[in-house]
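Below you'll find only one chain, the form predicted on its own, shown as structure tokens.
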Amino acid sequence: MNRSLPRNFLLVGDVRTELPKLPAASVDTCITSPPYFWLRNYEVADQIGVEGQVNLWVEELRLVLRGVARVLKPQGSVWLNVADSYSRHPRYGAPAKSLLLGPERLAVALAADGWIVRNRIAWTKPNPMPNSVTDRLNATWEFMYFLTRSPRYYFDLDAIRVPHRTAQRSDARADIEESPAPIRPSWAGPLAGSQGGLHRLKRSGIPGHPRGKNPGDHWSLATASFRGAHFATFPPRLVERPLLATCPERVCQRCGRAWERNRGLVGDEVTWRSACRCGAGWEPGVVLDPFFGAGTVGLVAEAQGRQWCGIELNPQFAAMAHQRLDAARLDRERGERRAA
């Protein structure tokens, strides 16, 4: 494992020049939100997001994601938060008043580059920004793409399961218990999923997996309230779920592979085992945010016992991120002293 990756460190500069400085195969996951196309001006020369046409914005982000692919470990992944915008003139890439379909164009381009698009998550906002428009519906959600480079990658679903709404039944129906697993219906195509697992759970009177249910691809999370000068901060909860699922709590200090959680009974104390034969100790996994902004990814990473590395173009935002991180560390230290 290359030990030269800066840990819990923010690089100030353009992602297109700073990202190549990071060592290859050194990052466990990437969680980031790049500048949206012509929605905000970060007042820095040559910034991404103010290209003349939406496809040029896509091409710039393609280049950045190629750099991210280089620094990801083979079992790494990317969570990419992007939103669409409306065209005001055909020169932007779509008729005036039309959605530019920037996120969809980006996803298709990344798939052509070899990325596997595992999920397209809808981040729905209960408190969306008000809009005075009267001839269309208000935009209340954004995209979060979950991308991998390999069909096999690190993903800890148990870390992000949510409670079932239906209680366990003590009187499973006899007809369900005695019936065989359902046969795929005649209308099912080759890409249709199987319901065999759900049938087995119903026979046992269990509403779902004993550790909780899969949270699904629709996340209702309020936008963050932040009084600083940065106007596009992540809500911490939007970062927390991807971080827990794809940034390992423990990785081998020598080869960088994720340790595996021993799956005991629900409620058992968690134990770990190394997935390799290095005989080395462990350290927390590393999350990268190449558009670090006000530092929310770093804040959540430290709160969850992970390491991070960030890149930020705007020196003012970088200073703001350092202030937030220092304040959060001080609060944790005070809490630990009170608990002791």
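One-based numbering along the sequence shown. Keep in mind it's a predicted model, so treat the numbers as computed, not measured.
Keep in mind that the form predicted in complex with a small molecule is not shown, yet the notes after this line are about it.
The stretch from 26-34, 300-308, 65-73, 272-280 that comes within 4.5 Å of the small molecule in the predicted complex, counting heavy atoms only, is 26-34. Residue contact with the small molecule in the predicted complex: W57 places no heavy atom within 4.5 Å of it. F234 belongs to the set of residues with a heavy atom inside 4.5 Å of the small molecule in the predicted complex. The small molecule in the predicted complex is not approached by W38, whose heavy atoms all lie more than 4.5 angstroms from it. The small molecule is not drawn, but in the predicted complex it has a heavy atom within 4.5 Å of G13.
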